[in-house]
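This document contains two forms of one protein chain, each encoded as structure tokens and listed individually as structure 1 and structure 2.
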Structure 1
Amino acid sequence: MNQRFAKGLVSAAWGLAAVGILIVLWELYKWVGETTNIPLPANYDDASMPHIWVILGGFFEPEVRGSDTAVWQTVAAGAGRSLLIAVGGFVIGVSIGLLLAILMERSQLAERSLLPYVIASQTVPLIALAPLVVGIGNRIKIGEFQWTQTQSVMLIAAYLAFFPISVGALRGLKAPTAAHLELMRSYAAKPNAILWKLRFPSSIPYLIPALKVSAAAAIVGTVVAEISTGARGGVGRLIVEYAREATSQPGKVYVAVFGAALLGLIGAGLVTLIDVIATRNLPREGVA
């Protein structure tokens, strides 16, 4: 645990150093564009690329002129809503991915039949998928339940999240060596016992990276789906709304972008916590 804590501090230090370098490069780029005649490949004007202090000031601007609510408060509320939707999509996606991985591990026919479609599913662009999901979902009504845009966004997040898990878990479930499998069979272990006592523990080094990718994919899917479907209340919608005010309040749109980035950090942190809990009893050399 002490080694992990030390590694965590080193990673945090490198992260802060990277942020500092990014800030220096940002301001240096603007300075070069404003003081020299060197042609640059992107705009460096204050509307599209404001100074860092303008962006920081955007956190504390009123969300609406005359309002007591600051921009960061609105973004925090939107990020919280998006996080809940992303968590729902992540859970659904991980559940579907694990079921597909177990099915493909059990049957070579299922693997040969399903794996190409699992891979091909990720070639469909979200900008084309989102309106289709919303259009079909709006027609779903079961009793008192009426499908809403929230369910559509969650489904799109799950769509992106299931792929890394299905592929990573399949590889992990096949990780045990022939000697390990033969030992389990010598004890007359049934397939379910082999799955839970051998295959799943052996798949942890493959599952954790897959979970991290799935968490990031669920958050990206949520934000992009909110933008594509026009779902209100989330940080994706705020990015669109604040982008319209970029000329007068250029810092606001970056506050919303930072809110979306914070969701990614939270997702990575939650998966890291799962990693610590799942591997606490494994020897250090057995942890990826």
Structure 2
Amino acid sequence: MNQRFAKGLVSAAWGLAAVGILIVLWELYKWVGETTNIPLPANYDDASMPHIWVILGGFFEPEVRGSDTAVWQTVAAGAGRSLLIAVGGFVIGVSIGLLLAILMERSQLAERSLLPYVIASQTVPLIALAPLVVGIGNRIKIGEFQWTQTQSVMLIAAYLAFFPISVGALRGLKAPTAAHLELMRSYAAKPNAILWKLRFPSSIPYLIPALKVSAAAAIVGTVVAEISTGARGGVGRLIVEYAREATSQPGKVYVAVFGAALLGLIGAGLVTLIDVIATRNLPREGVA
């Protein structure tokens, strides 16, 4: 465990070095653009490609002129809000995905009917539905309940999170070997007992990578859905708004993108935490 931790630290140090090199290249590109006549593919003016220190300064600029709120505070709040929505979508998506996987494992017919669609849906741009989901949501009102943009965003996040988990879970539930299944049968175990005592535990090594994909999908889904819904407050919306202010405050949009990136890392971190807890009793390498 300690060795693994040390390895992670070394790797992180190399990653930071890589970021450092990228920063140097960024400034070098800008310098070449501004001091020579060499034609370059990307713009290097201060509005499109601000200096690194301008970007860093962007964190502490006031949100609007004379406001007490710094940009980083707004972005942190937005990222927090987006994270909550993504987590909500993730939980809903994972629950539905698991239920579907159990259904497909139990019923041959369900598997053969549904699985082709589940697999195909991973290869098609379902996110194209985002603007339509919003359009539908805006018009749903049941009694006191008004469907909000937040719920639309969460629905899209859940939708994207659900597919990887159903495929991964199904593969995991089917992972037990014939010998394991025959052993359970020799005990006259009921299907529910087989599910909880054998199938579910053996699916964990398959579930973890699927959860990672799902978490990333939920976060991308949230950010993209926020952009197309115009749901205020989320980090996705902030990216679009700040991009428009690039001429006056070029650093701001980078702060918002940084917030979105951090969101992804936090999501991956949360899943890694689940991984560590769920697999503490399993051999380190390889699927049991």
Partner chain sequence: MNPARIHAVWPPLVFGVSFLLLWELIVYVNEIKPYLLPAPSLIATNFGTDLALMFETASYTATTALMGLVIGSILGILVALLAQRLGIVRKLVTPLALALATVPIIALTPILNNLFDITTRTPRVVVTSIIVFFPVFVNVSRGLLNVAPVQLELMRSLAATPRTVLRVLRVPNSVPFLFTGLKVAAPLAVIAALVAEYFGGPQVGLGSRIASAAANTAYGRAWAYVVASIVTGLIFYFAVLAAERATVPWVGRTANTRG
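Residue indices: 1-based, along structure 1. Rigid core: the largest C-alpha set superposing within 1.5 Å between the two forms. All of these numbers come straight from a predicted model, not from anything done at the bench.
Annotation: structure 1 represents the form predicted alone, while structure 2 represents the other form. Relative to the superposed core, A268 undergoes a C-alpha shift smaller than 2 Å between the two structures. Core-superposed comparison between the two structures: the CA of G230 stays below a 2 Å shift.
Relative to the superposed rigid core, V32 undergoes a CA displacement of at least 2 Å between the two structures. Relative to the superposed core, W14 moves its CA by 3.9 Å between the two structures.
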